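Shown next as structure tokens: one chain only, the form predicted alone.
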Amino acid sequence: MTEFNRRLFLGTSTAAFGLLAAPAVMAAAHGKPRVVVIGGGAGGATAARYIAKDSDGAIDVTLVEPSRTYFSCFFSNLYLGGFKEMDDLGHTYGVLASKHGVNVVHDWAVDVDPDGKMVTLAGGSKLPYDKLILSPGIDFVDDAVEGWSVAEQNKMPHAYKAGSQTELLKAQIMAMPEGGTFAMVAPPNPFRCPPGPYERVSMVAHTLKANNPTAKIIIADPKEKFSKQGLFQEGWNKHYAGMIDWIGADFGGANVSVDADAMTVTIDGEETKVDVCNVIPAMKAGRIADMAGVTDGNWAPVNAIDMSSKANADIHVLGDSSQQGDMPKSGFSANSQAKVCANAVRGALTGSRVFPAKFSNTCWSLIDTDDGVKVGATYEATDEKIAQVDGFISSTGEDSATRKATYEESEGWYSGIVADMFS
């Protein structure tokens, strides 16, 4: 039996569904129970805020996040399209500390000792915990795209971690020569934000249509189909006719290599010189989850009822890093999972009431000005996974008023989620 499978068995047998039925108070000999949260995004910031706020000071909550300003990946494509400024996407952690009493530590977590329940930071500090919540987002699979590595990200940016990479990609797009070529290498499933690459293509096309209308976009995609495909392709034909060429798996999109020095993309043996290349590689859980021993090598399997690791009942994994079932990897999903986790962790540490786990997600995408579409679902916890209960998706052929309302709805959601995370 592998170490992970041994932990999987132990974690599942002790944690799966007992918490909801009869939460056990974990009395801490040191005084207040301690929760450490690693990662300050939609999952981590939300979990830290809700545990601190709803426990009314009964739990000591520490949030570890190296960045002083969080730039949301969700809505970052709108920066590429000219609909947002980077300042619109940046959010700080001050209110979590001043209003809710979260101890915010801006440092890197470099090690987890799950037996000793200790997190080590790059600066040398050690943080003991009773419950550890990991929400580190994504890392990239080594050698996922032939010819590309993280060392090439300044020549061929991924821009799938928002901030400087997003700004770099925008600068490259704006510097394209007249009639130039933008290439995207799309990722295989599963990955962060399934509609994200295709909204990005829409936003790049929007910018090029205004500034470089004879430019071309090619997408090399290892998948046979993609999220909201009918909606995106309808929109591309309507707004950007003749500009975008999607090359799926059936036409060689899975057989791709790049040369960052020569700025070429080779698709199924055919080499193309490009001016900008956005490489979005295959993804896996953030590295700290692997260090904590809770991944299967790529993702971190969790129990649906409380997002606890199947390898360790005292470690919870949220958002993109988790392998939880039917929910997509999205900011909305991470925020929803964080609230379930926070309720369960608070119950385990203080004996407060634990409510049945319910989840929801919606992913909005902007195709062109006021042309918004969405997909979403509700979910419930089962013994095996987070399972979809029902779902919805925008329809092709919708009128302009409906699409505008959908975009405005997305703006309202963005304001709401950042407030839920940080205020």
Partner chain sequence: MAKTPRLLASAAALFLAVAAQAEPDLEAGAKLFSKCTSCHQIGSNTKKRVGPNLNELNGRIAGSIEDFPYSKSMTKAGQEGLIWTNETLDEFLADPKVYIPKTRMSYRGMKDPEDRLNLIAYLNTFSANMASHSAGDPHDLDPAILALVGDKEYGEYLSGDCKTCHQADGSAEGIPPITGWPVDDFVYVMHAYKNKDRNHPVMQMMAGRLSNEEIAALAAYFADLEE
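Positions refer to the first chain, counted from 1. Keep in mind that this is a model prediction, so the values were computed, not measured.
Quick note: we don't show the form predicted together with the partner chain, though the next part is all about it.
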Contact label in the predicted complex: Pro66 to the partner chain, heavy atom within 4.5 Å: no
Contact flag, Val340 vs the partner chain in the predicted complex, heavy atom cut 4.5 Å: yes
4.5 Å heavy atom contact, Ser76 to the partner chain in the predicted complex: no
Interface membership of Ser400, the partner chain in the predicted complex, 4.5 Å heavy atom rule: no
Candidate stretches 351-359, 57-65, 365-373, 32-40, one within 4.5 Å of the partner chain in the predicted complex by heavy atom: 351-359
Residue among Asn303, Ser336, Ser202, Thr295 with a heavy atom within 4.5 Å of the partner chain in the predicted complex: Ser336
Contacts with the partner chain in the predicted complex, stretch 377-416 (heavy atom within 4.5 Å): Ala377, Thr378, Tyr379, Asp390, Gly391, Phe392, Glu408, Glu409, Glu411, Gly412, Trp413, Ser415, Gly416
